Each structure stands twice: as C-alpha cells, then as structure tokens.
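Below you will find one chain, with nothing else, as structure tokens; this is the form predicted alone, and questions on how it binds or moves follow later.
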C-alpha cells in the first residue's frame, strides 16, 4: 500500500500524475496535473485534465499527450489499471481508486486529529469580529459579523493557529458623554434608579440624549427669514438654547470622563456593565465565543491617541491639510489610495480612523499579530484600507518578531434582506432587535420540533433544549451557507426546514448516525472504531470519498476565509451518508465483518460532521 503524504486522494493522484508527466515530457515537468473529482461517477472517481493545456504548450494532439501520460503513470497500488479506454473525449483521463487504497486512506483519516494536525508554522491571528455601542441594543445588523468571525476564528484555531478575538466596543466620545450626562442628571433628580436600569432604558435614553442636543438652527433661521410670529420664534429660540445647554453639558461630561471624575465615571461604568452583560449573553446564546477578555473598547485607546498622532507628525508621516492632519497613501506600497487617512480633525478631535490605527498598532506591536482579519461589512472597505495603509506607512503594522508586515484581510459581508429585497426591518421600519430575533427563531423551532414529533410525547424541558439547538443552528447555518460577500434574504420557513441544505438537516443527519450506535450492541460499539474498512458498494465508496475531502476543505476555509465552503461540504457529506444509509444496511449487514466496516464508516462520518459543525459554532444534539 502507498504511504501518501496526504489523506486527500486528489493530492495523492496529483503527485503520481506529476511524475508521469515529467517522465513523458521532461520539458513540461512543472505542468499542473489538473486532478479533479469526476462529474460522472460512471466514468470514474477522478479525472486528469492536463492533456489539453499540455497539447497547446507542446504543439501535440491532446489524445497523444493523454496516451503518453497513461503509459508513464505508476498507479498500480493506488488506482485501477489505466488503459486507452480510460481516455475520454479530446484527452480526459478517467481513473478509479482501488477499494483497498480508499480503505487505507480512510483509516489514516480516522485519527484523533481527523487529518488536521497543527500547522507547522502557526501564526498569531487577530480577528476583529464584532463591534457594539454602549447604551444601544444589538440589532439584526450585528448578526453576521460575530457569526462569520467566530467561524473563521474557530477554523484557524482548529488548524493550530493562535487566535485573538477582538470585540471593538464603541464606548467613548461625545455620543456616550451625551447619554452619560442625561442619566446623571435624571439620577440626581430621582427620576431613575441607576442600579435597576436595563438596556432598553439605556436605548431610550440614548435616543433622547441625541434629540435634546440637536439644535434646530435651520428652523430658527427659516422662522426669522419668513417673519414668523413672536410665539414661534420664542419656541424655536428656547429649543436652540436648551439644545446648546445640553450640548455644553455633554462636552463638560466628556472632559470629566477623560479625567476619570469618580461620579461621572461611575455612571459611564454602569452603562458599560449593563450593555456588555446583554451583549455577552447574546453571544453565549449564539454559541459565539466572545467574552469580556475579548472586548477592547475605544476608551482603552483614548490615552494613546494624542501621543500616537504626535509621533506621526514628528516623523513626517502625518501632515497638515486644510487644518486637519492626514496621512497620504498614494504610494502603491501603502495601498495606492488617493483619499488620505485623516487622523485629526480641524478642531483637534480624533476620529474612528485614529482609534483604528491605534488598534492596529496594539494588535501588531503588543499582541504580535502576523495576520489581521476584519469581519466588517463590505461598505467599510475604503476605511479599512486607509487605516491599514496609514499603519503600514507608520511602521505600526510591521510585526517586531518577523520584521514583516502583518497580513491584512477584510472578510467583508453583505446585508440581511427582508422578503421585499430591502434591509431586514420590522413592519414599522425599525431595526429588528437581535434578542427578539433569536427568541422568535427558537419559538418557531419549538413548534417545528413538536409538529415533527407527531404523537410522540417529548418532555417540555427536552423539547425546549432541542428547539434552542435547532433554532440557533438554523439561524447560523442560514448566514454561513451563503457566500459571505453576498446579501441574503432572511426566511424563517426556509432556514427551519428539515430538508435541503439547512441547519436542522445537518443536525438530524448527525443524530441519525448516533441513533445507529444506540441501537447497536455494546460489543459492536466497542469494536467498530478499529474495524477493517471494506468499501465495495457504490454508496460506501461515495461516502468514503466525501470523507477524504474534509481536511482540504477546512484548510481552504482558513486560506479563503469563506465558511460557506465548509457548510456546503457538510451538506454534501450528509447527503452522501443518506444515500449510503438507504443502500447499505448497517446493523443488518450480511456478515459481521461488513457490519463492523459500515459501523466504522458511520462512526467516522459522525466524527467529521460533529467536528465540522463545531468549527462553525453550531450546537449539536444526541437526540431529536
């Protein structure tokens, strides 16, 4: 038997075909063997499409090239013998793996790491996967970033990298000072009790604080211009004066916050505690690994901004432009961006970009990031390229350990749409609260589980636990199964279906396999993981080939940052298992050896499904 360097038959066959091409055509030894899975199972398991591009390169006929490759291919211990009949069309070479080769590769895959040992050179990867604002409820717009970001973080961790998650919290600046000032004033008047305040209360206070600081200067100017009566003028002047007073109070509060005035800071801290408690609880319910230690608020960078900007100025990185300080990025080495990155406004204030440059500096210089991944919606691409370009020009993005720039990747994503093709909103046009969305999903899942159970009684507590897992699996799968850059339409009915490429279908596939082992006797359960794999039937072979793709798929997600590849793979695997299960009796197999072989195949399939769902952050079940 061969000793392949990979569990992936494509890699094994590519190595053999590469050698065959080198023997047949030494001048083209670097040619790609172009091994792909066959689209027509009746022709073979795999095919090589190398003959056509080689024909153009060497000036020969494709079939002549294919025949020479076949003559020089050493596949006797890997695939069934190749003949002229193995060549189809203009020069496609079809081949089938030997059953014992397939069994040997699967046995090697059936290891503790499932063919995914830790990478030889692990990186430190910082994943910016979330951004919430104090005093505001998380809404549907916050759904995609943590789901996608956590799946990517889990993938990279599974591959052996050191991953640092970052929840970039908007907890500083004038908007927060506005709500802090309002709450402090209301608390002093006895109108509210800060010890009992909820996030809904804070959400309303945030909107009210914004409104009371908004001066209607245009309305006042219009009233004066059109000679409105003294009553109208008095009302507008009073509004403007009140807003100016509220705004001035907010500015003073910001100064107190920056100075860590105890009373002011205590109010701010209460706002932060209430907001983050709800935020982290929501993450926990979503099975997203974001905790307090992963959260770095803008406040944590506040003291660093002025010294950093001074450093940029002293080294000539930042320059004045119309009263503001900017970092120019036209040089292709820094992105070739015509729009400069503004790091300080004309009034001396800092911007989001300033904080984001400071974040890159911390993540690379202090945390040692080799790779920076930002899971942020596609509309922020220019902003992210600007702050990375500015950080690169300043040297902040150069890893001190390797001396190389940290790799920057924007894992951009599209929007969640309603049935009308517009951004998903409530009927009143408001943002859908994330907590409400999750609760409705679980409630609908509970009804679906009860309907599917029929007359079978399920205890209420068990039914709720199943519904929780099914609902969360459904909502996460619905997001992750799409190419992340594309918008997708949110549909409860589609995502909660138990058929097709859905979260409930994948959970059911895993539960069905686990039920096989519950119905097997203890001796079979113990012996199956070490049984000899004998794959003779088409269903067995198709399932085995699907299993062998797993390591390559996970690695491809780590490189491309596209979780939908893994979702599609898991659906393909579940579908292959369903076909196998229908065609190949397991517990009632003809012989004990065949029974044990199929049980081992089931066991390996369950392990891969569970591992893949774990990488996606999708909860699993023992029973449904």
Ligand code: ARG
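Fair warning: this is a prediction, and the values are worked out from it, not measured in the lab. Numbering follows the first chain given and starts at 1.
Same protein, other form: the form predicted together with the ligand, not shown, and the subject of what follows.
Would you classify residue 374 as touching the ligand in the predicted complex, given a 4.5 Å non-hydrogen atom cut-off? Residue 374: yes, in contact with the ligand in the predicted complex.
Is residue 490 near the ligand? Define near as a heavy atom within 4.5 Å, in the predicted complex. Contact check for residue 490: no, nothing within 4.5 Å of the ligand in the predicted complex.
Is residue 297 one of the residues lying within 4.5 Å of the ligand in the predicted complex, judged by heavy atom distances? Although the ligand is absent here, residue 297 would stay clear of it in the predicted complex, with no heavy atoms inside 4.5 Å.
Answer yes if any heavy atom of residue 498 is within 4.5 Å of a heavy atom of the ligand in the predicted complex; otherwise answer no. No, residue 498 stays farther than 4.5 Å from the ligand in the predicted complex.
Can you say which of 279 to 287, 436 to 444, 511 to 519, 375 to 383 gets within 4.5 Å of the ligand in the predicted complex, counting heavy atoms only? Heavy atoms within 4.5 Å of the ligand in the predicted complex occur in 375 to 383.
By the heavy atom within 4.5 Å rule, which residue out of 168, 410, 165, 477 makes contact with the ligand in the predicted complex? Selected residue: 168.
Can you pick out, from 405, 90, 131, 418, the residue that has a heavy atom within 4.5 Å of the ligand in the predicted complex? Selected residue: 131.
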